[in-house]
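Just the one chain here, the form predicted on its own, laid out as structure tokens.
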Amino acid sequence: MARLSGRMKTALWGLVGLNVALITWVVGISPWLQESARSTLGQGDYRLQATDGTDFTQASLVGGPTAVFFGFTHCPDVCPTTLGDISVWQEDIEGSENLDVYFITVDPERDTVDILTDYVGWVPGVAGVSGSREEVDKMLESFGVFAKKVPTEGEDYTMNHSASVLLFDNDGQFFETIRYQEDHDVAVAKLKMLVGL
């Protein structure tokens, strides 16, 4: 069998080192970074107004299970669909009246508290949240939520945004995510675990 040249040995050891680094990242560092990021979701110095007359701050996540969804009232499909899903989930979960649900606008320029009151009013227990652009942007960063204005015809625009429902436990710690249009039974199971059923 031919002996490996010095260059080939170096290349092979380089590949071994790369594999070890990759395994270390996948098994150890990456999950730790993800868990670290998840543990800070919702934490931050933001203050907005909710349609129930309260201020919405980091403290609003503490004291009971909480579901948070980001959207906007001009949303053609994702937001009304998710509000409908939330309404159905509530019907299927005993004790859902103990779940605080917030619909937070990513479009505060158009979505005032009064407009949000009408928009979320048909879903029991859901409070809308709005505020200044600055406070909404601080909140988006705190929750790790993506939102971007997209121009449409004329001077109008729509918003691209994260579409998951974020769940928080009684201590205000991130618990789980319900993806957009996740299977109904899976979503209900996550919510039952959250409210302790």
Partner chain sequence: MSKSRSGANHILRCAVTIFAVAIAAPLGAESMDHKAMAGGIMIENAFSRETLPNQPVAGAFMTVTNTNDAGDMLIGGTSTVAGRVEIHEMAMQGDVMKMRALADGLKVQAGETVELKPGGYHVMMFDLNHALKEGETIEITLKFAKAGDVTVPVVVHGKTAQSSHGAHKH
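Residue numbers count along the first chain shown, from 1. Here the structure is a predicted model, which is why all the values come from computation and not from measurement.
As for the form predicted in complex with the partner chain, it is not shown, yet the points below apply to it.
The partner chain isn't shown here, but in the predicted complex which of T54, T40, T152, S132 has a heavy atom within 4.5 Å of it? Partner contact (heavy atom, 4.5 Å) among the options: T152.
Are any of the heavy atoms in E97 no more than 4.5 Å from a heavy atom of the partner chain in the predicted complex? No - in the predicted complex, heavy atoms of E97 and the partner chain never come within 4.5 Å of each other.
Using heavy atoms and a 4.5 Å limit, would one call I93 a contact residue for the partner chain in the predicted complex? Because no heavy atom of I93 falls inside 4.5 Å of the partner chain in the predicted complex, the answer is no.
Close approach of A163 to the partner chain in the predicted complex, 4.5 Å, heavy atom: Yes - in the predicted complex, heavy atoms of A163 and the partner chain come within 4.5 Å of each other.
Is M159 one of the residues lying within 4.5 Å of the partner chain in the predicted complex, judged by heavy atom distances? Answer yes; at least one heavy atom of M159 falls within 4.5 Å of the partner chain in the predicted complex.
Just one of 167-175, 133-141, 66-74, 45-53 has heavy atoms within 4.5 Å of the partner chain in the predicted complex; which? Only one stretch qualifies here: 66-74.
Which residues within 73-99 place at least one heavy atom within 4.5 Å of the partner chain in the predicted complex? The stretch 73-99, when checked against the partner chain in the predicted complex, contributes T73, H74, C75, P76, D77, V78, P80, T81, L83, G84, D85, V88 at the 4.5 Å heavy-atom cut-off.
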